[in-house]
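Just the one chain here, laid out as structure tokens, in the form predicted on its own.
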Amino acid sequence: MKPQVKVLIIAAAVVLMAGSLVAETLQQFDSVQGRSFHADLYADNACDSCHVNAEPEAYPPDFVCLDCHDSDELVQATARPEEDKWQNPHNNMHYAKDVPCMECHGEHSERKVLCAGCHFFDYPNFKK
């Protein structure tokens, strides 16, 4: 294979990967913004898929998130090397596994990792 073809293939792969990352950001669903990976929850414009009622007044409780997301898998997926183990956002030295989901994850708007208020940890896979 010619070097120019390899460069074109690699460039196309990078563009596709960048596009897939962008696709995981906020998108508009009728009258509300939400995460593309939760698109199925917006299909019927049903706020009560996550919120306690159809006219939300507060963040959904954590058990709603944990109905679909396994906390032990999250802890494992965000685990750090032993010397940095308490930098795990899902199991850290301040809150252990009890950080409310909405402290870091915004469904309808971008959020920052709670730890970023005091620390400079890098979370490259965090989706704002």
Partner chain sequence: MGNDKEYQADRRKFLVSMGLAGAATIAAPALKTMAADSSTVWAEEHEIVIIGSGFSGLAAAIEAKKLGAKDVVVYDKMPYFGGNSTYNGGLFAVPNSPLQKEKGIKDSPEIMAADQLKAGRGVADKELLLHVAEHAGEALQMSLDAGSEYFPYLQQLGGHSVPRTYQTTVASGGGIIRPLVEQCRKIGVKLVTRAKFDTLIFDDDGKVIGAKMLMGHYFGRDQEGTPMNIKTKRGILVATGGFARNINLRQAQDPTLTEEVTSTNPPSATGEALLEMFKIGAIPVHMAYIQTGPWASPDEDGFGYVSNYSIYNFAHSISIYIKTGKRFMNEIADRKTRADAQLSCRDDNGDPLPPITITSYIHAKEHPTMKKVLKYGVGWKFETIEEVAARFNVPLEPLKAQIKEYNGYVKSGVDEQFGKPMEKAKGKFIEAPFVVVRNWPKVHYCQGGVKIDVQARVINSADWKPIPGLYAAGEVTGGVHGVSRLGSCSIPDCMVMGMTAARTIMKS
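Residue numbers count along the first chain shown, from 1. Here the structure is a predicted model, which means the values were calculated and not measured.
Missing here is the form predicted together with the partner chain; even so, the following discussion is about that form.
Open item on the list: Counting any heavy atom within 4.5 Å as contact, can you tell me which stretch out of 46-54, 70-78, 83-91, 27-35 lines the partner chain in the predicted complex?
Closed with: Correct option: 83-91.
Open item on the list: Residue-level question: is residue 98 within 4.5 Å of the partner chain in the predicted complex, judged on heavy atoms?
Closed with: Yes - in the predicted complex, heavy atoms of residue 98 and the partner chain come within 4.5 Å of each other.
- [ ] Please run the contact check for residue 126 against the partner chain in the predicted complex: heavy atoms, 4.5 angstroms, yes or no?
- [x] It does not: once the partner chain is placed as it appears in the predicted complex, residue 126 has no heavy atom within 4.5 Å of it.
- [ ] Answer for residue 42 alone: is it within 4.5 Å of the partner chain in the predicted complex, judged on heavy atom distances?
- [x] Residue 42: no, not in contact with the partner chain in the predicted complex.
Open item on the list: Although the partner isn't part of this model, could you tell me whether residue 114 comes within 4.5 Å of the partner chain in the predicted complex, counting any heavy atom of the residue?
Closed with: Contact check for residue 114: yes, within 4.5 Å of the partner chain in the predicted complex.
Task: Those residues of 42-59 which, in the predicted complex, come within 4.5 Å of the partner chain by heavy atom - done: Only 59 sits within 4.5 Å of the partner.
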